[in-house]
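Shown next as structure tokens: one chain only, the form predicted alone.
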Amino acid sequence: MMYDYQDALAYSGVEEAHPGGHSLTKKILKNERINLGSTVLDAGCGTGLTSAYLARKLKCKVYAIDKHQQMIKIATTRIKKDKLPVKIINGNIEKLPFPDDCFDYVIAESSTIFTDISKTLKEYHRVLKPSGVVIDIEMISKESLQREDKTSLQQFYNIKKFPSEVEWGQAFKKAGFKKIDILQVNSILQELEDYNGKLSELNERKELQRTDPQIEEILFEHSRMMMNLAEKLGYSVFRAVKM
């Protein structure tokens, strides 16, 4: 079996692959008005870490969607173990299986970039209620990122585009969002030390569970690319409102 980066994350059990990790997600969500009456979509839910947090701590109604079977398996096990009322769906965020105007919030943690961005942002806009909010934590390219580096990133992560912060903002506007704020910006250089520490710790815990060297090679290549391009990459937390 040939694995890609998403497979490596799924089969190694990495839970906080997005920039800033779960601590950033909790920090951002703490400032939102998510409560018992809120309906939230975790778009690209991965292992279900954020979905579980939303249901347990914020008591909202949560729907979680991901197209990777292994991610769905891990998320389902987590939700069942914790006995949380989260609806998990195997589906594609480029074509969400929900009616118009049904969510108060859409949360995306470095999942949009792995899709056709314009299609996915339009879907977020469609399923949000009027005044609904999407919070999206995404990687951004800086002006210093060379074309050949961008091409390498696109090929390794199997993504069509690697937008700058400005290009992300333009994409949100094109999807129909009128009010777009940037809640936080950081460089990968600043994040790298914490991330590598978490990855090393996870590798020790999962050592006996991973037997395919291809997975190890992919994760190693990911770390190498992040280290080499740390000054040319960053992430932004976008908050866009459906007016």
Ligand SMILES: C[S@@+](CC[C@H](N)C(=O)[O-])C[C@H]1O[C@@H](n2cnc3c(N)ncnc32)[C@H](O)[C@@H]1O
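The first residue of the shown sequence is 1; numbering continues from there. On a predicted model such as this, the values are computed, not experimentally measured, just so you know.
Keep in mind that the form predicted in complex with the ligand is missing from the display, and what follows is about it.
Visitor: Pick from 140, 88, 71, 128: which residue has any heavy atom within 4.5 angstroms of the ligand in the model of the complex?
Guide: Among 140, 88, 71, 128, a heavy atom within 4.5 Å of the ligand in the model of the complex occurs only for 71.
Visitor: Name the stretch: of 165-173, 102-110, 128-136, 144-152, exactly one has residues whose heavy atoms fall within 4.5 Å of the ligand in the model of the complex.
Guide: This holds for exactly one stretch, 102-110.
Visitor: Would residue 98 count as touching the ligand in the model of the complex under a 4.5 Å heavy atom rule?
Guide: Answer no; every heavy atom of residue 98 is more than 4.5 Å from the ligand in the model of the complex.
Visitor: In the model of the complex, does residue 236 have a heavy atom within 4.5 Å of the ligand?
Guide: Although the ligand is absent here, residue 236 would stay clear of it in the model of the complex, with no heavy atoms inside 4.5 Å.
Visitor: Is residue 45 close enough to touch the ligand in the model of the complex, meaning at least one heavy atom pair within 4.5 Å?
Guide: Residue 45: yes, in contact with the ligand in the model of the complex.
Visitor: Taking heavy atoms only, is residue 17 within 4.5 angstroms of the ligand in the model of the complex?
Guide: Although the ligand is absent here, residue 17 would touch it in the model of the complex, with heavy atoms inside 4.5 Å.
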